[in-house]
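Below, in structure tokens: the form predicted on its own, a single chain.
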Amino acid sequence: MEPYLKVTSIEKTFGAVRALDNVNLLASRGECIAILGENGAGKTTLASVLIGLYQPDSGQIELDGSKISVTSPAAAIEHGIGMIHQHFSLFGAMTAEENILIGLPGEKRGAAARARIRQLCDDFDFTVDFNVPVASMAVGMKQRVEILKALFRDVSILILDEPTSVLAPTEVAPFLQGVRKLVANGCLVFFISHKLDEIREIADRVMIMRHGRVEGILPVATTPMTQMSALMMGQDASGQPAEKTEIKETRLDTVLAPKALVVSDVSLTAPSGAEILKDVDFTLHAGEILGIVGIDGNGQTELSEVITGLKRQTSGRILLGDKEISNSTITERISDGVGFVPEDRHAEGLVLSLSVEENFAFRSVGEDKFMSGRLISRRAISKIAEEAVKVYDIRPSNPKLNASALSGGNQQKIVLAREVARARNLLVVVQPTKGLDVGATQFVQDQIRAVAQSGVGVLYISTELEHVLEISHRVAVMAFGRISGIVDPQNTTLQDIGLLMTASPEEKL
């Protein structure tokens, strides 16, 4: 039988980055194919090519035996290809019916359209309240509206991007049941996910991607989790690394050092009811670098926000040394010696329209070192900035320039220098080397090591696993909002970490 969808030799580059590298795929209607891979593996890029958000540099797509050109999402819908993104494209002030019918000509509206929408609900056991605006709906119902919107447009291929990541635990099983009905009715479903337990439950085959390449397309029923994890992490089935990761030979033993941070049974529940963090529990010692790894969306960013005061935990305790800071404000935590390098240096770390020196005083201009009596001292701010610019080799070296005039690496140096100065007890860094070149990465890593050697506890959160393994004394792996395991980076394999990254809650180690 001829495949319904044929993808041949698809290539896509962004500058020097090869996002898709000779991707080939054959798929039939009435099957569910899971797409598994680390962050940056090419999963979403492939989906974006299929729905016309990106145009491939080379290769072709055939549908039902005919070559097609998908030039836009609208063209994709005309070919029967739809996608449900992690972030919904619904209008909150409109009802479900209005959202489903939006953009359609008048002849496709009316009583017949309403009857068909309700019939689709019956066919797939979707419960939707058609009398309220979408903004007042639970997340699970919004997702059903998105699927109905695609089904109403007669899609034969539906791409679901991390579809359960926004759902409350009670909403997952009904959602998966609905997906099974879609497949049973002849829809080809692509299920982008990192959750191996859901992949085992829903998918017929799993396509494993790494660095833009397809490492394998395997039957789910007969493929062990260890093999899926090994391919995802760049190893063969025996667990031998395909790409060797360099790890420092010597590490300081910090276990006997004083406790810098104690996180006890911390949970965070979203307004939708989804559990973002669940009973997170760990201890960070003074002088220790504790790496936190996991596939995006498993609670790492939210953990940093809870520790630094940007979000308030639903339950649990946080101790900074011997002092409880569970209910402390951001300002109080800064005063207690907590430094924070956020993931997005533009949106959260800097005010780009302010000068470099003004950014050094950002959020803590009232501290004594920036004051002269009761007045802000511009001279003191300039002196501190000039010294930091010199120590951190920030270029251009003029602290009067706006931060927007500097490169990404030098902007990161501003944030790092400011937060290191604050971090008397704890430094939390999130994706500190993201987007940096080799030289800037090495500099940032060296500065973080120096902070730890001064006796400060460092929480190092990153998806760049090689960097985490190189710099950390211990590595905690997060999955489903939990710590699924804490390992010694010298005595673990990438396969072990991959399994922990995809471990379901009942498999927590």
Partner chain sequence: MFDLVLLGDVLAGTARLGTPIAFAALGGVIAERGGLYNIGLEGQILAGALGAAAGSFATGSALIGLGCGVICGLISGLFLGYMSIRLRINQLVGGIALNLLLAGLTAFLSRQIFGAQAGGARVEGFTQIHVPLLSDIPVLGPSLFSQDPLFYLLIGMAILAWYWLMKTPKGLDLRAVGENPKAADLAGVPVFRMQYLAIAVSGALAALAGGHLVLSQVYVFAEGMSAGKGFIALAAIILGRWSPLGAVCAALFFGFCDAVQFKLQFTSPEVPYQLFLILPYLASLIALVLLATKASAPAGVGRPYDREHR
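Note that this is a predicted model, so its numbers are computed, not measured. Numbering follows the first chain given and starts at 1.
We do not show the form predicted in complex with the partner chain, though everything after this point is about it.
Using a 4.5 angstroms limit between non-hydrogen atoms, Ile51 touches the partner chain in the predicted bound form. Interface membership of Ser89, defined by any non-hydrogen atom within 4.5 Å of the partner chain in the predicted bound form, is confirmed. Using a 4.5 Å cutoff between non-hydrogen atoms, Thr45 counts as a contact of the partner chain in the predicted bound form. The partner chain is not shown here, and in the predicted bound form it never comes within 4.5 Å of any heavy atom of Ala135. When contacts are defined as a non-hydrogen atom within 4.5 Å, all of Gln55, Ala74 and His85 contact the partner chain in the predicted bound form. Taking a 4.5 Å heavy atom cutoff to the partner chain in the predicted bound form, the contact residue among Ile217, Ala405, Leu354, Ala421 is Ala405. The listed set Arg378, Lys434, Lys259, Arg109 contains one residue whose heavy atoms approach the partner chain in the predicted bound form to within 4.5 Å, identified as Arg109.
None of 95 to 103, 305 to 313, 193 to 201, 426 to 434 except one has non-hydrogen atoms within 4.5 angstroms of the partner chain in the predicted bound form; the exception is 95 to 103. Along 11 to 36, these residues reach a heavy atom to within 4.5 Å of the partner chain in the predicted bound form: Lys12, Phe14.
Note: Gly273-Asn99 Cα separation is 3 Å or more longer in the predicted bound form than here. Note on Ala270 and Asn99: their C-alpha atoms are more widely spaced in the predicted bound form, a change of at least 3 Å from this conformation.
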